[in-house]
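What follows is one chain in structure tokens, specifically the form predicted alone.
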């Protein structure tokens, strides 16, 4: 029996594997990646590395064994049919008879187009009959703090979220929830709505940036159409720009406020405050 993490070289996957290694022997962890050189350090620590690709179903043949617990981290290739990609993993897990398949989904309240692939994957997973856990992850702090250069250059946070609030947490927080499910008991066929303990608005985010930088950072609220144009003008493909603007519109409607408390309960601690994420980003 192994704990298998797909997308293990990604930003969330890395956190999950590192936290698993604090709880179980390395030989019980399998990191599934497309590029093994990215996890050479994990292999040196005793983690089993398996090479597989969501776009190549045959690479998952025989990868899982009966009794495995699997974390399916959602793909980020929005133009390649993510439900089909994820179904490759689900089908392989079913064929092997895994004990549990956990999937990183999106909040159940989210109606933006970004959620469509997640809902489709959830349906495929439930239809498969595989014991499942839906980890409906909210947004990451890092979605906003990893690229502060334009914000600091222009002295403005630009978003189409109006006065809406959002319950973000760190990737490490979401990883802790996944690890709790993968190493614990009694999570079969459960759905967890995951988000940070404290919701915030973009005006509050701009104020926090102002406080920590000592500079005046404004919040410029724009329309979804205007944001689409701004993002496309910065080089983002227009479909992706429209998708992100759609998410902001959902935030404006309150769809990314998650107040279940599931994340801190699973992690066994309060979630990371936004102020800490901002401070860490400004040090980099």
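Positions refer to the first chain, counted from 1. Keep in mind it's a predicted model, so treat the numbers as computed, not measured.
Although not depicted, the form predicted together with a small molecule is the subject of the following passage.
Candidate site formed by 9, 75 and 82: every one of these residues places a non-hydrogen atom within 4.5 angstroms of the small molecule in the predicted complex. Distance criterion of 4.5 Å from any heavy atom to the small molecule in the predicted complex singles out 52 from the list 52, 217, 47, 251. Out of the listed residues 192, 139, 200, 132, 139 is the one that sits within 4.5 Å of the small molecule in the predicted complex by at least one heavy atom. For the chain shown alone, residue 187 is not a contact residue for the small molecule in the predicted complex, no non-hydrogen atom being within 4.5 angstroms.
At a distance threshold of 4.5 angstroms between non-hydrogen atoms, residue 210 is out of contact with the small molecule in the predicted complex. Although the partner is absent here, residue 143 sits close enough that one of its heavy atoms falls within 4.5 Å of the small molecule in the predicted complex. In the predicted complex, the small molecule stays beyond 4.5 Å of every heavy atom belonging to residue 273. In plain terms, the part of the chain that comes close to the small molecule in the predicted complex, with a heavy atom within 4.5 Å, is 33-41 out of 62-70, 221-229, 33-41, 235-243.
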